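Take a look at this single chain, the form predicted alone, given in structure tokens.
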């Protein structure tokens, strides 16, 4: 079984890109399954069910969705094995733009859209910078010049990535992506002992564990303060 991870900011078009790509894979006889990770709610699993794809969803609740993802990824792989899949796709929303749900030796794809802002690539951390493939969406809404400038911004933060433009509405470019992401010779049976490409955000403070009160007296653990210079606190 082959296994890939797809992430990107919310509403960047991940699910649309995945569905159009799966359509091309199914035509070639590839059995694909999807596991969708999100925070509080998603109905994307219904969209996958409509095209006949085995799907599971995981909601992280109060946890970071990418921490939740990596804590469950081995079980996800075993689910894919039990389903007899040729390719298992995981989709995870990198809500803080700092998360990095990519595993070494596993293909990593980041989906980002042209409408997110010209400087957005610089604001996204390992989720973009350590991806193998960067898919840029919503190019039909902006001019050719804007598409080229945005792609250059992406390339500047991740020079090694393959950059692709895909239209999530009509599927233009999805066939090319399907040829890159699936390796029929892959034989991934477990991720036990594998390592992340980049460490997750360092955060274990009192607010992580349920504290709601404001003030220094209630701030414990990994706390970082902003430098505001010298000022009179009174």
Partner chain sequence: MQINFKELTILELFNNYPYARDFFSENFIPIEGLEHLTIDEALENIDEDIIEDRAINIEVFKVHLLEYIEMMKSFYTDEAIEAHNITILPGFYKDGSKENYDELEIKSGEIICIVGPTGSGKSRLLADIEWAANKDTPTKRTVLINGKTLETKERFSASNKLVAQLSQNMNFVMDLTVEEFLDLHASSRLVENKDDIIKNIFDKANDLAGETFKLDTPITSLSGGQSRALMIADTAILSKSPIVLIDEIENAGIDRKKALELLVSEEKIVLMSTHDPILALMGDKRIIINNGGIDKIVDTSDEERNILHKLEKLDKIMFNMRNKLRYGKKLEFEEEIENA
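All of these numbers come straight from a predicted model, not from anything done at the bench. Numbering follows the first chain given and starts at 1.
As for the form predicted in complex with its partner chain, it is not shown, yet the points below apply to it.
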For the three residues 71, 75 and 187, verify that every one has a non-hydrogen atom within 4.5 Å of its partner chain in the predicted complex; reply yes or no. no
Report whether the minimum heavy atom distance between residue 107 and its partner chain in the predicted complex is within 4.5 Å. no
With heavy atoms only and a cut-off of 4.5 Å, decide whether residue 63 touches its partner chain in the predicted complex. no
Taking any heavy atom pair closer than or equal to 4.5 Å as contact, tell me whether residue 207 reaches its partner chain in the predicted complex. no
Its partner chain contact in the predicted complex: residue 162, any heavy atom under 4.5 Å: yes
Interface stretch in the predicted complex with its partner chain - options 49 to 57, 33 to 41, 190 to 198, 63 to 71, non-hydrogen atom within 4.5 Å: 190 to 198
For the heavy atom contacts within 4.5 Å of its partner chain in the predicted complex, list the residues of 131 to 169 involved, in sequence order. 139, 140, 141, 142, 143, 144, 145, 146, 147, 148, 149, 152, 155, 156, 157, 158, 159, 160, 162, 163, 164, 165
